[in-house]
Ligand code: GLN
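Before any questions on how it binds or moves, here is one chain, the form predicted alone, in structure tokens.
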Amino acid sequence: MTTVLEILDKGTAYLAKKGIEDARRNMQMLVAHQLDCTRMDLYLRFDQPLEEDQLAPLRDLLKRRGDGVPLQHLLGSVTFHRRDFKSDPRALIPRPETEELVEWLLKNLKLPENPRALDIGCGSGVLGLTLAADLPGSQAVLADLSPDALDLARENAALLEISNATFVQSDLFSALAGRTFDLIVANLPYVPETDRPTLSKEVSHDPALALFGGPDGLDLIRRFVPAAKDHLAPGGWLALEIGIHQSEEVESLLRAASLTDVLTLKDLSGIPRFPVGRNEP
């Protein structure tokens, strides 16, 4: 009979052969998911035999992971800033870099009491819902063009029992006329169309609508920044996530929109990733 350790070893070898990075961790996550335990628990269960009714679904998960289906979709969730969010093909899988942005915002921005926050292109809602949960007295609006993404964001709000968030289907600010916010965040599509053939199998499972931003990746951001200025309250902040080699032009867009305190924060890999700017008080 196959034990936990044996299936870990065999599955790791299979995923490595399929070119999956960090194959051991991936296999541990799949086995822990199937056994409804943590990865650490597996170390205490190496000798546990697995029955066929446990092995059959695990083999299916293993094959799909080897075919490039993202681990987050197979597990159905992703951890973001200490919370577990539902993750599926309706929205972009949250990246670790995005956590760096929300952590910087929460630590460094001095916002008014009961701040109004807007997450444009909210996807699964990780940014807007984290702000709603971690900013006392805040009211958050999560907006996206995709009704499927908004449904997922609503499900995550219900799952996490976050009640101070509302949801709006909107093409950027089209459904938000006359509203202003103390903080606007956006992780908009920024992948250049020319990069499409080079993306990994995992990334290809994300919605194209959430990935591609025209020839150089900045088509939507060029529309977004000037419009965002009109929706910032006095002293309000704007923060974005962008791709590599895009910071210089995005900073120029922020300054052209008369924002001040413009800078681009680097991610942990040293890439200029998060442009921020402020509306004058």
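It should be emphasised that the depicted structure is a prediction, and the values quoted were computed from it without experimental measurement. Residue positions are given as counts along the sequence shown, with the first one as 1.
One more form of this protein exists, namely the form predicted together with glutamine (GLN); it is left out here, but the text below deals with it.
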### Contact stretch among 78-86, 156-164, 203-211, 175-183 - heavy atom within 4.5 Å of glutamine (GLN) in the predicted complex
203-211
### Message
Can you work out which of 102, 150, 188, 71 has a heavy atom no more than 4.5 Å from glutamine (GLN) in the predicted complex?
### Response
188
### Query
With a 4.5 Å heavy atom cut-off, would you call residue 111 a contact of glutamine (GLN) in the predicted complex?
no
### Query
With the partner left out of view, is residue 95 within 4.5 angstroms of glutamine (GLN) in the predicted complex by any non-hydrogen atom?
yes
### Query
Is any part of 102-125 within 4.5 angstroms of glutamine (GLN) in the predicted complex by a non-hydrogen atom, and which residues would that be?
none
